[in-house]
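In the form predicted on its own, a lone chain appears below as C-alpha cells.
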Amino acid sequence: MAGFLDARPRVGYFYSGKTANQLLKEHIYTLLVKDYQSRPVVVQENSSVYDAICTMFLEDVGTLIVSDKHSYLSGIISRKDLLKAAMGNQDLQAIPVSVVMTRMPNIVTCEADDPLYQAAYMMIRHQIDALPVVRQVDQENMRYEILGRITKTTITKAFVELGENNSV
C-alpha cells in the first residue's frame, strides 16, 4: 500500500524500485486544482477603484478577478495595482478598474483539471499571488468563463494537509 512493493501473479511481491520522494512526487501530481479552488471574488470592469478596494478589504483577499458585461474574464487586479491607483490626489470613485487592471492576454490562468503542482509552479514563475481558474468558451476571441481561484494560501493548505498525513 505504501508503493514500495509491487505484486504480479505467479511471481509474488517484489521491490518496485521507487524511492519515497518518487512516490510523494507521484501523489502530488494527482492533486488537482478543482479539488482545492475557492470561489472567485469578482468585480465588473466598470466598477470604481474605490469599490474594488472596499471589496478587497471586505472579502479579505489580495487579488480581484475582473469580468466584462458577459461575465467572462477581462482582467485581474492586485493590491499593488490598487495602491498605485490610490497614490496621488485622484478621485478613486471616478476611475474604473478597467484603467488599472492587468488585461488579457497578460493574465496567467489555470484550468480545473490542471495539477495543483502546475498552478503553484506558474505562480512562482510569474511572481503572482493568485490564478483565476477558468474554462475556455471561445478560443478565437480568448473568452474564458471564471470558475474559481487558486492562491498561495490554497497551495500552503494542501502542503500542510500532506504534512499532517490527512487524506488529501
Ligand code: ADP
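In case it trips you up, residue 1 is the first one in the sequence shown, and so on. Computed from a predicted structure; not experimentally measured.
The following text describes the form predicted in complex with the named molecule, which does not appear among the structures shown.
- Here the chain stands by itself, but in the model of the complex one stretch of 136 to 144, 45 to 53, 104 to 112, 31 to 39, 104 to 112, has heavy atoms within 4.5 Å of the named molecule.
- Although the partner is absent here, D129 is a contact residue: one of its heavy atoms lies within 4.5 angstroms of the named molecule in the model of the complex.
- When contacts are judged by a 4.5 Å heavy atom cut-off, I76 counts as touching the named molecule in the model of the complex.
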